[in-house]
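Consider the single chain below, provided in structure tokens and representing the form predicted alone.
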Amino acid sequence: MQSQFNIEQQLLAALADGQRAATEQIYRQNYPIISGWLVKNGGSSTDADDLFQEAIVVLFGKAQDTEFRLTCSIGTYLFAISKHLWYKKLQRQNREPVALHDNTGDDEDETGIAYDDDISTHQEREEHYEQLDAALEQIGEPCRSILKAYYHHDKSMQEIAADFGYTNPDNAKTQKYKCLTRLRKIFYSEMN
């Protein structure tokens, strides 16, 4: 079985070669997440289209650089670029007249550093999600299902009590608390 890292590297190489299918796949996998985040943070669907296009252009340029090594997922990288571009746009809108670039290249260096900072933050978050998934796998049933019902599917304690056969919502809430305590122990022991 091919690792996710190898699949991402092949997708990046296909993007660098200008393969339309690669661009379409990257779009399908990442646009909804980035668009959703942008709209939640004050952007419009037009902003999302523009921003994602800019992020793809940056990724395409990086993919063509033989020195470039992607150390996170393509989605994480695109999200970091998009987030940086959005915050930069908001910052420009809140300022007085924007100074013209002096073409020294300093802005490009600062942008690269900002991308790297955002990427490392998202990588760290991605690692935590992977550790959380591993802890959820270890916790067993019915805890895994109860926590997923509450946190992933936004079910109420009343619904969980009915689904899992608890006599009332308070009993379901007590069980959820016990499961969450066990999950925390597993999660933090995995981190150490």
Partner chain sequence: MSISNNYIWELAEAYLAGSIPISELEKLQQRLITDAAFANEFNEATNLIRSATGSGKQKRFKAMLRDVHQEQVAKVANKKAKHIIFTPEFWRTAAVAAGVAILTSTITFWSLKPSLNKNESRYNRISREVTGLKIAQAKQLEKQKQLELDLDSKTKKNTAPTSDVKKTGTGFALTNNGYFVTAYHVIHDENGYGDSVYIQNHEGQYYKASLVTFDADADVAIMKIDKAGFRFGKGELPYTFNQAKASLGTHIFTLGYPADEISYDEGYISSRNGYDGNNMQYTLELPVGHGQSGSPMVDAKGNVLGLLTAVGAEAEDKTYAISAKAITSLLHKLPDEKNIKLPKHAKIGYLTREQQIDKMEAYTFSVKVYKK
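We call the rigid core the largest set of C-alpha positions that still match within 1.5 Å between the two forms. Positions refer to the first chain, counted from 1. Note that this is a predicted model, so its numbers are computed, not measured.
This protein has a second form, the form predicted together with the partner chain, left out of what is shown; the following refers to that one.
Using a 4.5 angstroms threshold between heavy atoms, residue 155 counts as touching the partner chain in the model of the complex. Proximity of residue 151 to the partner chain in the model of the complex falls within the 4.5 Å heavy atom cutoff. Put simply, residue 15 is close to the partner chain in the model of the complex: some heavy atom of it is within 4.5 Å. Shown alone here, residue 47 lies farther than 4.5 Å from the partner chain in the model of the complex, counting heavy atoms only. Contact residues in stretch 43-60 (any heavy atom within 4.5 Å of the partner chain, taken in the model of the complex) are 49, 53, 56, 57, 60.
Core-superposed comparison between this form and the one not shown: the Cα of residue 16 travels less than 2 Å. Residue displacement note: residue 70 has its CA displaced by under 2 Å between this form and the one not shown (rigid core superposed). Residue 51 is not among the residues whose C-alpha shifts by 2 Å or more between this form and the one not shown once the rigid core is aligned; its shift stays under 2 Å.
Whereas the displayed form keeps them at a certain spacing, the CA atoms of residue 184 and residue 80 lie at least 3 angstroms farther apart in the model of the complex.
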